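Listed next as structure tokens is one chain, alone, in the form predicted alone.
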Amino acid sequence: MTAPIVRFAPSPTGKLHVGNVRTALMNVLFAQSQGGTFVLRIDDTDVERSTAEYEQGIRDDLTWLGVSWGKTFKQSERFDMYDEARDKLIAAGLLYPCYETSDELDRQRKLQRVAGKPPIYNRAALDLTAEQKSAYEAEGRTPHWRFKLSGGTVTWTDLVRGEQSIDMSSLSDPVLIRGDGSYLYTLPSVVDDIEAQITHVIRGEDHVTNSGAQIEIFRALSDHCPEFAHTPLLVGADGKSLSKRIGSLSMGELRQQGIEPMAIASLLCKIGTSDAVEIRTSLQDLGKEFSFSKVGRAPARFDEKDLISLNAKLLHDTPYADVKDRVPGDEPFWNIVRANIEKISDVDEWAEIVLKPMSGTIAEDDKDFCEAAANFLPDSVTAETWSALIAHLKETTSRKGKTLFMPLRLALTGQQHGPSMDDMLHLLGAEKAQARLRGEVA
């Protein structure tokens, strides 16, 4: 196979979320696995809703995820190409004007359903005379333009779904140009894929039916037609659509929550495949393991609990050099607290405990016990200090188990859980530990 050229085509009308990021990553990993090229296409033909802010956000989010592109372009700068394709289709008799209003089309569909017929466009516009068209335009109607489907069968071998067959007679002729003259997604997408010589279109399975019409448009405009791979859509852990929660699953929101980009990439690239869901430290590593043969047909379940778990595992193994500009404290501090965090922001809680003055919690019944511990501590903490302290207190107070350990942990950290106390004692140092055991702020 020649080196593939793939594309990711987001619309700058909103933020990137886990669903379209998964599509982007599938394209990236396939290109990497085959030594190909990844193209970023900005689908901004909807000039009213598209914004420069959203476009920059898309580029920033992809860069944060580690994605780079070999080529990028914006559809809003290519209308002359779309106009040329429009004229070619009109000349071939494959693009025709229609004057029905939305209400008229809705009534037509209702009547077809009552008659037991499929609610597809009846192609009445093909029979309009020049005089009828002029009359409609005199009323102030402007035409929308439909592509005339063949009515035959379109087949292709999908890289995920296998052999696919679409009966085009069961579909309405798709609208390619709105009444206001603006283009819908379909025609510009085909024109761009031809111009960029896209070899593989990788996207969600909700586009399967669209692919039948697009293949016919490809054939009408050129000899070039890419291969297709339609991947299962994401659903929540409960099997329901993520659409109502998509705002909370945007890259900006997840980044703000302290989720690492490789935790997101590892989860999105492994769920719905035969591979185990495990952390990988680079997109290159994920690319080496990628294959469409591993992608299942069932919806891929996205569980935020899995994302948090992967994020924690990633941080637990992250060296200080990779986070030193993002966390307080020094390397010993990071190496001790990292095993007790799920997100990078959790470090701040331990910084408040270890690095800043505070007073722990000492119950009235534990004050003498903690005072005894403070008196026993030497002026300098060593690796053996904690075990020596515990042995001494166990022997002199007859305490054991939780009644021995927990009062000390609460006095020193104010927390019931956390890093091992020998590590914590080492981080606090003798002077701070003695003061906290006496109930003082230190």
Ligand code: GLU
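What you see is a predicted model, and the numbers here were worked out from it, not measured in a lab. Heads up: residue numbers just count along the shown sequence, starting at 1.
As for the form predicted in complex with the ligand, it is not shown, yet the points below apply to it.
- Residue 436 falls outside the set of residues with a heavy atom inside 4.5 Å of the ligand in the model of the complex.
- Proximity of residue 144 to the ligand in the model of the complex: non-hydrogen atoms within 4.5 Å are absent; the residue sits far from the partner.
- Proximity of residue 55 to the ligand in the model of the complex falls outside the 4.5 Å heavy atom cutoff.
- At a distance threshold of 4.5 angstroms between non-hydrogen atoms, residue 41 is in contact with the ligand in the model of the complex.
- With the partner omitted here, the stretch from 343-351, 317-325, 200-208, 297-305 that lies within 4.5 Å of the ligand by heavy atoms in the model of the complex is 200-208.
- Contact annotation: of the candidates 311, 266, 231, 189, the single residue with a non-hydrogen atom within 4.5 angstroms of the ligand in the model of the complex is 189.
- In terms of contact with the ligand in the model of the complex, the residue from 121, 334, 369, 185 that brings a heavy atom within 4.5 Å is 185.
- With contact defined as any non-hydrogen atom lying within 4.5 angstroms of the ligand in the model of the complex, the contacting residues in 8-22 are 9, 10, 11, given in sequence order.
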